[in-house]
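Take a look at this single chain, the form predicted alone, given in structure tokens.
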């Protein structure tokens, strides 16, 4: 197992370097750099002024050199302008030139400086990751157990009314986009004029005129039932159907296996057959699907974050791309690649433990 993990880790490292280099190359194309120069300077800058701005800050160096500087393998570029100011990759506002480090890359824990927020990328990205991590945790708490229960119950009773009902619910949840279900939830549960809130308030069952809040902005500081329920349910419902369908198909296939029939013929109760024999094998395929939900929750829920005014990782990605914040885009890409590779590694290891037929030499 140790050798397996080391090999996987080596593959992950090579893949991460390749993917980050591709992203670095794309974000450092000249049109992006030109837009960056005009954003930081003047949109009426001449081509000579743009080239001067980019050249003085090291943006016109060969891409492999800039990539190694960004990693922290090579010293950061620095130069002195005509007015005596020193600019470069490692130069930060408020830091004296003699205190400026020679190396400032990912290996040194320096994620760069945001040209939009005017502060270190790590400070901004850290808070956004914390917000998304909180959202991901509660979505997984709601989504995974619900999906597995629905899938197992449907697969145990293949072809029955229970199976058809649960399968219909799963298909409907997956086929309904988050922006549709989110708007429906806001209209029914968070509106003070329409929906269930005013009706329950008139009956004296609730004090407020709405069951939940239609925004999750306050949940970034204090997540509670009223301001965090709707975004969690909106995301969980969309992902739940896919996991449930995979679980149902896997469970139905396992229940027809020969060893299940043998166990039943030997007099093992149906409950023991399901819990001790079928469930473990039925969870192999859903486990991989569950691991794939983490990258999706990190980047793919930007619509829900926008809908509920929740400043998470996905919103930061869109903001960085819209404002051509190159250092922020690179940091976001590194985190995204890392999450994808780590979840794949966990998926491979979990697959080995769940499937006893696989042996690692």
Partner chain sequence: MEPLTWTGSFGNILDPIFQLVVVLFAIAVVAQFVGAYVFAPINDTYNTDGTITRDRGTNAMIGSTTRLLIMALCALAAVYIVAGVFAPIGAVGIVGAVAKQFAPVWIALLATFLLSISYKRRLGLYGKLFDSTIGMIGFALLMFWVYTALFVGVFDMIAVNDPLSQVSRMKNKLPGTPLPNIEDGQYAYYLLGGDNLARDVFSRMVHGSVVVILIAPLATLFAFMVGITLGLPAGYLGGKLDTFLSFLANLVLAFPVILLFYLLVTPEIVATGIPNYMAMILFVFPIIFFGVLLNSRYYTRPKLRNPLLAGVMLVMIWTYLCAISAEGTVINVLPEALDLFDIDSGILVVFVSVVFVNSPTVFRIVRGLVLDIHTRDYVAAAQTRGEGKWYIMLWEMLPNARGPLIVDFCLRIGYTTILLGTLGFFGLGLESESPNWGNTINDGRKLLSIYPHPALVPAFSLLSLVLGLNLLADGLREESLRD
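Small disclaimer: the values here were computed from a predicted structure and weren't measured. Residue numbers count along the first chain shown, from 1. So that the term is clear: the rigid core is the largest set of C-alpha atoms that superpose within 1.5 Å between two forms.
Unshown form predicted in complex with its partner chain; subsequent notes refer to it.
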Legend entry - Heavy atom of each of 194, 299 and 321 within 4.5 Å of its partner chain in the model of the complex: yes
Legend entry - Contact of residue 307 with its partner chain in the model of the complex (heavy atom, 4.5 Å): yes
Legend entry - residue 62: touches its partner chain in the model of the complex, heavy atom cutoff 4.5 angstroms: no
Legend entry - Partner contact for residue 25 in the model of the complex: its partner chain, 4.5 angstroms, heavy atom: yes
Legend entry - Partner proximity in the model of the complex: residue 29 to its partner chain, non-hydrogen atom cutoff 4.5 Å: yes
Inset, instruction - Considering its partner chain in the model of the complex, find the one stretch among 94-102, 179-187, 283-291, 109-117 with heavy atoms no farther than 4.5 Å from it. - result: 179-187
Inset, instruction - Would you mind picking the one in 175, 272, 256, 79 that has a heavy atom within 4.5 Å of its partner chain in the model of the complex? - result: 175
Inset, instruction - Let me know the one among 162, 262, 224, 127 whose heavy atoms come within 4.5 Å of its partner chain in the model of the complex, would you? - result: 162
Legend entry - Post core alignment: residue 296 C-alpha displaced by 2 Å or more between this form and the one not shown: yes
Legend entry - Core superposition between this form and the one not shown, C-alpha change of residue 274 at least 2 Å: yes
Legend entry - Residue shift check between this form and the one not shown, rigid core fit, residue 181 Cα at least 2 Å: yes
